[in-house]
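A lone chain, given as structure tokens: the form predicted on its own.
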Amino acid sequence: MNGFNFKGNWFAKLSVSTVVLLLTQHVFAAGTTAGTAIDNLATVSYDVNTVAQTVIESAPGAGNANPGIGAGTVTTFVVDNRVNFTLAQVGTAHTTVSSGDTDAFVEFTLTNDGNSAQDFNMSVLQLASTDTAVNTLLDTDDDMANLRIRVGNGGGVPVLGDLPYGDEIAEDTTVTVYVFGDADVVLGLVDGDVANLELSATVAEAGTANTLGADLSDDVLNPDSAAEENVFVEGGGVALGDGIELARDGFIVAGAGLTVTKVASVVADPFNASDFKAIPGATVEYVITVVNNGSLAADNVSIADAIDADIPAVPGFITGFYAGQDISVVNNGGAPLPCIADGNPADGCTLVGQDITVGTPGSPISVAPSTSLVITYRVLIP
């Protein structure tokens, strides 16, 4: 009978071994680095009639029938790019600024959780009061001026000279993203104003230092290919991503919040014991009240007031009425401050021509939050 005899020693013995070669592979927490070539070569050894035969190595496609080491060809596939990253606010509170501050900043962290270095295109949007509250604070539709994005390394003081995008961010790496802004006084920012913003990070192609690559495209719905492909999975869970992550933060203005009122009352006239009238010879008392409704003290407060030209300061201005003081200056309900209205600013008060000034560089006045400064003086109607 022709052919193999499956009895006794005529049994052909076959053994198979497989060798896996991982070339230039780097393993991080996110997995094998994208672009890594995974090479596989199977080697078949066998006996015929108890005689060991020359091994045969595998090959892709039509395979390999030629015996011998080196006659086969490795089967290769390339690890695809698993795009995964997070963008998060640092802390849970707004950055406090005062009107006129420059280069104030909020911080975010950008973490590349994928398996390849990436660039990230960064942009920032100022929010409106109709947007969801940030850190429980609703936007007051007040914006910061001169917004700038800078990506640093999270160490020390942020540097305005850093790049405005994520450049060659390696896998398993976290960087700090700063958004700088100015609380421009021209914008009229006052105590309690809130400026919320939203930072956006879009994954981009890496490869050239100090150059922002093009935005990546997701290949998840494309037919599989042997080349490296991009698969967006950012956003957590099993949901596929869109290559964009958002995070929000904001600024809150802390200031003095001053309210200033001035009232005039007729306190005496030459003919009436009550219900005084503003007639020639009557005395009028002015009361200027500065109330600080803000969260910070108002420092170096100075009040300038001009007596109307129809009431000449001399002799119209009444001197020494307030326990020997020309002007009553009471800060936060305390004892009256010295105030002689003359040309000498040493006590913080001057009267030059028709112009009264209270609070001079040599005698600064500070009005604390939730307190008031009350200034009172009298004039005689000629």
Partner chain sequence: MNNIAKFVLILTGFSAGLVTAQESGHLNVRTVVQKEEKIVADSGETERRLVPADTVLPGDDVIYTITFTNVSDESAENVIITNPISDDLTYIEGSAFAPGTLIEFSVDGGTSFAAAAELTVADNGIRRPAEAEDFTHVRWTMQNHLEAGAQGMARFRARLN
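Since we're looking at a predicted model, the values are computed, not measured. Residue numbers count along the first chain shown, from 1.
What comes next is about the form predicted in complex with its partner chain, which is not displayed.
Stretch 221-229 is the answer when you ask which of 97-105, 221-229, 127-135, 272-280 has residues with heavy atoms within 4.5 Å of its partner chain in the predicted complex. Interface residue among 335, 65, 352, 346, judged by heavy atoms within 4.5 Å of its partner chain in the predicted complex: 65. Put simply, of 123, 140, 86, 75 only one has a heavy atom within 4.5 Å of its partner chain in the predicted complex, and it is 75. For the three marked residues, 191, 295 and 331, no heavy atom of any sits within 4.5 Å of its partner chain in the predicted complex. The closest heavy atom approach of residue 112 to its partner chain in the predicted complex falls outside 4.5 Å. Although the partner is absent here, residue 80 sits close enough that one of its heavy atoms falls within 4.5 Å of its partner chain in the predicted complex. Interface residue remark: residue 356 is not counted as part of the site for its partner chain in the predicted complex, having no heavy atom within 4.5 Å. In the predicted complex, its partner chain stays beyond 4.5 Å of every heavy atom belonging to residue 342.
Along 42-63, a non-hydrogen atom within 4.5 Å of its partner chain in the predicted complex is carried by 42, 43, 44, 45, 46, 47, 48, 49, 50, 53, 56, 57, 58, 59, 60, 61, 62, 63, in order along the sequence.
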